[in-house]
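First, one chain by itself: the form predicted alone, in structure tokens.
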């Protein structure tokens, strides 16, 4: 990748559209002040905020936090890849550990979601905690489809705990993932990322970008992370 990929996963935050607009506007304003833009920035807000934020997009790209594997039908509460694309999304997060834990998403379901998203020309951010998940999650994908696949290593112990993975372990996992995949797809790190450790994951661990959770809701902190990538 010529640029680092910095993705903000807002999860089920913030609680109001007004606050979502404030955070987004502050991030975009801060991003415009960065002269050396060597990072591609993606924001993944809750679904209900997508259309409003899409109308304000300029230098930031939009992503969904999840999708279903069918295009349409009687699937109450679900969101299809086509709906995300229609709302301006370029990316979608699939297989996040919180989806696997709280909604019992299996590797089989993750695989179906990945295929559906790729068929709709969305870039997939596949989240994994273990290397053993990868081959099951990408089963049946062609080498051509790998071009729209990004892998995010998110150790469960580091997500939302303030206990990030060590730089050395992240470096070893990056190398192991590349060896397993036998292809050079972008690999991100996620899990208690902040402005103090961001550069280490990018420069020392060899990650191609970051998947940022809680810190992405603080515009000043998130801009510092982006600057670290630049």
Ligand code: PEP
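Just so it is clear, the structure is predicted and the values come from calculations on it, not from any experiment. Residue numbers count along the first chain shown, from 1.
From this point on, the text means the form predicted in complex with the named molecule, which you will not see here.
The candidate spot formed by 5, 171 and 209 lies out of contact with the named molecule in the predicted bound form, as no residue has a heavy atom within 4.5 Å of it. Here the chain stands by itself, but in the predicted bound form one stretch of 45 to 53, 22 to 30, 190 to 198, 66 to 74, 190 to 198, has heavy atoms within 4.5 Å of the named molecule. Under a 4.5 angstroms non-hydrogen atom cutoff, the named molecule in the predicted bound form lacks residue 149 among its neighbouring residues. Contact annotation for residue 219: none of its heavy atoms lies within 4.5 Å of the named molecule in the predicted bound form. Contact annotation for residue 113: none of its heavy atoms lies within 4.5 Å of the named molecule in the predicted bound form.
Of the heavy atoms in residue 92, none are within 4.5 Å of the named molecule in the predicted bound form.
Interface residue among 84, 158, 124, 128, judged by heavy atoms within 4.5 Å of the named molecule in the predicted bound form: 158.
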